[in-house]
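What follows is a single chain, given as structure tokens, in the form predicted on its own.
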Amino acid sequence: MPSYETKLQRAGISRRTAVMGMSAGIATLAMPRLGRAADDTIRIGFPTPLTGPFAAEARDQVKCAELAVKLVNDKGGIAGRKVELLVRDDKLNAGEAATRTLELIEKDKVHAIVGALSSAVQLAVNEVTRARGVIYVSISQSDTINEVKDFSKYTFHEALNPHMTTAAVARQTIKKGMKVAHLAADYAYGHEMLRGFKRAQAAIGAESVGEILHPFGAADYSTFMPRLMSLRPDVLCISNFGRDQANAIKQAVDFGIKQQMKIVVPVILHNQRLAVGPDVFEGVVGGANYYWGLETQNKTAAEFNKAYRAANGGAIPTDYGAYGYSGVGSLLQAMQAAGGTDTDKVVAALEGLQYDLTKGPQHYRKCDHQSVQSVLVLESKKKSAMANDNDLFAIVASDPGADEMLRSCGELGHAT
């Protein structure tokens, strides 16, 4: 009788994915890929954490992804075929995400997957899609997904990655000779952002004076703050996400940390700034893929904002919401260019795609399918400087997209 490992190998599934998706059952994991449904609808699967600490960002991604689909359908669809978005709650859990992705592929017969909002979860989704030969457009920050061990021809990464983001933020906030301390979440996102900041500060000539890892979802940071203050850094880099960011910054402010050092974050989150108000975030600097305020200087941003406002009662799109729009939108543009959903043709179209959906030109680099794009650096405004309730940030810098801002293909393990 074939061993468990042999069965998984025949199915094209790694042991890691099988363990994470155990709730789906070994029989489901080993099931051969089924043919597409006979109807003409193009189905895009969209797993995202609608419940849990990242739910606010996930809901924004869904709204923007739905907008991308609506705009295409309003123009007649793809080669006359309507597009449908199938949203599933991955509950911010790798096993749940693997299960939902398998169901989307096997039961719902999706033509591609877009989504996931966690470094670890997107890797679980990627394991399933690459084993089944289904295109996956990731819209969550990750360095790992571009590396050769996790990459496949079907994997595209539309989001920024930690190397890009931390380098842009460090250039604006860290100077030669400065002392830098780090508070990072103890999981993939925090680890990758910490690595990115340390690499960037080393290149600048700054000194690392200490780092503290905190549990994911921590509510109390009081034990960490005195230790960070004792390090006497010039800059404190806080690398976490979702509610963790708001909680950590609020408690840092309560301890008086902003009076002693500059607080910077790799990604400054629109929703978390709204959650705790201007006084807490005042002066905090961080990176972003998008900010609605670009509309005064960027035609594409103005058009995206206008379409979003029209569909959402005058509301503005958020940073992580924009990922949902550009992730689905770039995929649909590639399908349009390919004339349909043939996987190899869509992959080729994505590799050759030049797109501009929210903020300026973007393209997927051939070797690792990373989207080359601009990185914004934002600073949270004080209340008296805000023109209105949506005027959250000042744009400090906008680094234009270029291959040179990425780790080299050789460093990632790809042939050059």
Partner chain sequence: MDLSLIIMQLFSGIALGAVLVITALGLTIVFGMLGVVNFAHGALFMIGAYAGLYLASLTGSFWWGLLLAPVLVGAFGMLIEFVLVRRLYGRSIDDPLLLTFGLSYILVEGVRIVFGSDGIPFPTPSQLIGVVDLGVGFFPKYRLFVIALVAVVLLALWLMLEKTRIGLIVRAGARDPQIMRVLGVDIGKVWLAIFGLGVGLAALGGVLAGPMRSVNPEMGTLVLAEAFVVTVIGGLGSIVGAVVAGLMVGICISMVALFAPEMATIVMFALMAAVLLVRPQGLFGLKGRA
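Keep in mind it's a predicted model, so treat the numbers as computed, not measured. Numbering follows the first chain given and starts at 1.
This protein has a second form, the form predicted together with the partner chain, left out of what is shown; the following refers to that one.
- With the partner chain left out of view, the stretch that reaches within 4.5 Å of it through heavy atoms in the predicted bound form is, among 69 to 77, 115 to 123, 206 to 214, 97 to 105, 206 to 214.
- Though the partner chain is absent from this view, in the predicted bound form it lies within 4.5 Å of a heavy atom of just one residue from 88, 250, 345, 258, which is 250.
- The contact residue chosen from 311, 178, 274, 131 relative to the partner chain in the predicted bound form is 274, the criterion being a non-hydrogen atom within 4.5 angstroms.
- For the candidate spot formed by 56, 219 and 226, every residue has a non-hydrogen atom within 4.5 angstroms of the partner chain in the predicted bound form.
- Residue contact check for residue 303: none of its heavy atoms lie within 4.5 Å of the partner chain in the predicted bound form.
- Although the partner is absent here, residue 230 lies within 4.5 Å of the partner chain in the predicted bound form, judged by heavy atoms.
- Using a 4.5 angstroms limit between non-hydrogen atoms, residue 111 is distant from the partner chain in the predicted bound form.
- Though the partner is left out of this view, residue 150 does not reach within 4.5 Å of the partner chain in the predicted bound form, counting heavy atoms only.
- Contacts to the partner chain in the predicted bound form (heavy atom within 4.5 Å) from stretch 64 to 94: none.
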